[in-house]
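What follows is one chain in structure tokens, specifically the form predicted alone.
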Amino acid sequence: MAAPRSLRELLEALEGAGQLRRVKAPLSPVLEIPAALRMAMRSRGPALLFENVRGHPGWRVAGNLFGAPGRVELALGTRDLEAIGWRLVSAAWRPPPLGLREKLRGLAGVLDMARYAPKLVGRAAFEEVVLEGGEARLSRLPLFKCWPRDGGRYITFGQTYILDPATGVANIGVYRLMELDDKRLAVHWQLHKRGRHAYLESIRRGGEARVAIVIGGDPAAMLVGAMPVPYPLDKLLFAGLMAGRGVEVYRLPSGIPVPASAEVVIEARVDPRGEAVEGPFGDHWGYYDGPSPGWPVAVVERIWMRSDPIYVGTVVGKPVMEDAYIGKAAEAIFKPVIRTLLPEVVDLNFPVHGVFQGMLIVSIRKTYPGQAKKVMMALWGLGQTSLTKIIVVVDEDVDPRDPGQVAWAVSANVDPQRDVLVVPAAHTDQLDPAAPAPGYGSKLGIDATRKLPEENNGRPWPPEVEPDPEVDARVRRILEGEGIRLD
């Protein structure tokens, strides 16, 4: 199956699969549409297309596009998300070519990567309406207020594009953007985000950061904004890698390339002298975050959009919500990268109720003492997993997705004094409500593997109970002969 090239193609694919419902009753983007999306997300319900948006005639609003198993795969045109990660690994970590045949194969690999690069086009769907000056007002857009105590209306699924001035690499991030007034947005760039680094580099060079905020467009580009793509890999290139073909892009007057199929594009400059109080906002931890001062301000200069635009929004909160399925897709895509960097890793699981940054359970093929702690340290030094608060390491025969098996491993294999590691004064998720200061707290590692003699005062670990297979087979035949099936 081919990956859809636009939001509209994705909506058609969802409707064709029976996973889209149209809502004709008038609903407001202030609390009402978010409430409907939240109900759909909680029930693994359909994607929704609201066709009568109160206060915004001519607009439609789409949401919960990825809020059920299989929808990310449909959006990327694949049933095997891990294959995307192996595609990246095979390009980055292939052995050096020695003979002519290997060199030709290596050249073919380079050419293969080239087909994932963005494709520049001269026309864009969003050129139909261009609003500038006083006409470029945020109040024209059906921005969401998601929760009753939110500090205002937000863009919740906009992709913020910014070019790194040092490298020219395109970054795309899904950051929450709070409407301050008709022309200004508070940009919630957390400390560790690639977009913030590019912004700070622009300021360091004495320039002014330019951004483009994209609504809708190529589904691969929509998703890549929420993916932990390692720097300096270009996110538009990675979007093409995910979709299996390059993303068609249109270059804005600011020089920023954006998907040509976008529904709305907001061009803005980020004022280096402007700082805003942002929040409160009901975030993915399930609590209100903020209000907090010091966030950069994006000043709107131009709004491009289709003549019949479709707005896209999402809602976050206590899991499980739409972001959980995007997060599980990222887990599958980047598992090959982690397994390449840490070959002992067998499998891993970010439990959705652990809010991803909260907990990671990883199984390893253990061969030497201290290996579980080595894996913890390595993961805390890698990109997005550096934000993970709690890491539990289990043996390869323990399924990290089975809470019962993990609970058994922690209970049976852990001596708290020996196997629990606390790392104080560490970088954490800036939104973690338990951290004593934003972005600064501690880590917890639990070694729930069986201990080697070196780790257990020289004593061998006791053998695990196992049945006699011949006795089990004989008894099973007897029970089945009595009409008792135990499968």
Ligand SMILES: Cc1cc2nc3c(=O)[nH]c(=O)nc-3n(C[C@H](O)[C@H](O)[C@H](O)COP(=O)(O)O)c2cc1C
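Note that residue numbering follows the sequence shown and begins at 1. Nothing here was measured: the structure is a model prediction, and the numbers come from that model.
Unshown form predicted in complex with the ligand; subsequent notes refer to it.
Novice: By the heavy atom within 4.5 Å rule, which residue out of Val362, Leu76, Ile172, Ala409 makes contact with the ligand in the predicted complex?
Specialist: Exactly one residue meets the criterion: Ile172.
Novice: State the residue from Lys183, Lys335, Lys193, Arg153 whose non-hydrogen atoms include one within 4.5 Å of the ligand in the predicted complex.
Specialist: In short, Lys193.
Novice: Please tell me whether the candidate spot formed by Arg176, Met227 and Asp323 is one where all three residues come within 4.5 Å of the ligand in the predicted complex (heavy atoms).
Specialist: Every residue of the candidate spot has a heavy atom within 4.5 Å of the ligand in the predicted complex.
Novice: Although the partner isn't part of this model, could you tell me whether Ser261 comes within 4.5 Å of the ligand in the predicted complex, counting any heavy atom of the residue?
Specialist: Ser261: no, not in contact with the ligand in the predicted complex.
Novice: Check Ser254 for me: does it contact the ligand in the predicted complex (non-hydrogen atoms, 4.5 angstroms)?
Specialist: Residue-level check for Ser254: no, no contact with the ligand.
Novice: Give a yes/no on whether Lys235 approaches the ligand to within 4.5 Å in the predicted complex, heavy atoms considered.
Specialist: Heavy-atom contact with the ligand at 4.5 Å: present for Lys235.
Novice: Can you tell me if Arg71 lies within 4.5 angstroms of the ligand in the predicted complex, counting non-hydrogen atoms only?
Specialist: Taking the distances in the predicted complex, the answer for Arg71 is no, it never comes within 4.5 Å of the ligand.
Novice: Heavy atoms within 4.5 Å of the ligand in the predicted complex: which stretch among 206 to 214, 395 to 403, 310 to 318, 338 to 346?
Specialist: Contact-bearing stretch, as computed: 310 to 318.
Novice: Pull the contact list for 354 to 392: residues with a heavy atom within 4.5 Å of the ligand in the predicted complex, in sequence order.
Specialist: Only Gln384 sits within 4.5 Å of the partner.
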